[in-house]
Structures are given as C-alpha cells and as structure tokens.
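Only one chain is included here, represented as structure tokens and corresponding to the form predicted alone.
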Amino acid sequence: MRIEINGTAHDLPEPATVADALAAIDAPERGVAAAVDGTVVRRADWSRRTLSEGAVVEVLTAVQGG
C-alpha cells in the first residue's frame, strides 16, 4: 500500500498502522505526535489505527528552545 508520510511517498505492507508508518521513518519514541488525513491520532491508538491506500500521515516532533 502506498501512503504519504510528511510529504514523501512510502510503500508499506497491508494492513499498516500508524505505528508502522512511524517505524518506516525511524521516528523517535518520545516527543512525537501523529495525524492521519488531518486528524490527530492518540498515541494509545497508534498500533490499532489502520491506514488506507493514499493516507496522508503527518508526524510532528516536539522541539525545545527559547
């Protein structure tokens, strides 16, 4: 299945979850938020939330600074 993660196309085996998408880009385990097709997905749901062909996943990383 082909999805988009942060603007880049990725091929993932079906059924793919948000957790699979994060693993595909080696996202850090902490300080990360994920949205699918514009809707934020709770961390507790990442391993259960399946993705559809053409899904758009945005992964945001928290940054500290001042």
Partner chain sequence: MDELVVGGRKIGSRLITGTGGAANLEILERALVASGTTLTTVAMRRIDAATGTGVLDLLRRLGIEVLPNTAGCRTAAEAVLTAELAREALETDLLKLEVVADERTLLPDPIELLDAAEQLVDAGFTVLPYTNDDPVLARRLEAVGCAAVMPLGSPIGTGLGIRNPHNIEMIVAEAGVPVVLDAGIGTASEAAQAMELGCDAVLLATAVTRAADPERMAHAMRLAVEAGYAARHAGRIPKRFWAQASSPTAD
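Residue numbers count along the first chain shown, from 1. Owing to the predicted nature of the structure, the values given are computational and were not obtained by experimental measurement.
Below, we refer to the form predicted together with the partner chain, which is not included among the displayed structures.
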- Message: At 4.5 Å between heavy atoms, is M1 in contact with the partner chain in the predicted complex?
- Response: no
- Message: Residue-level contact is defined here as any heavy atom of the residue lying within 4.5 Å of the partner chain in the predicted complex; does A9 satisfy this criterion?
- Response: no
- Answer yes if any heavy atom of R42 is within 4.5 Å of a heavy atom of the partner chain in the predicted complex; otherwise answer no. yes
- Site check A16, A24 and L51: each within 4.5 Å of the partner chain in the predicted complex by heavy atom: no
- Looking at the partner chain in the predicted complex, which residues in 14-42 have at least one heavy atom within 4.5 Å of it? I25, P28, R30, G31, V32, A33, A34, A35, G38, V40, V41, R42
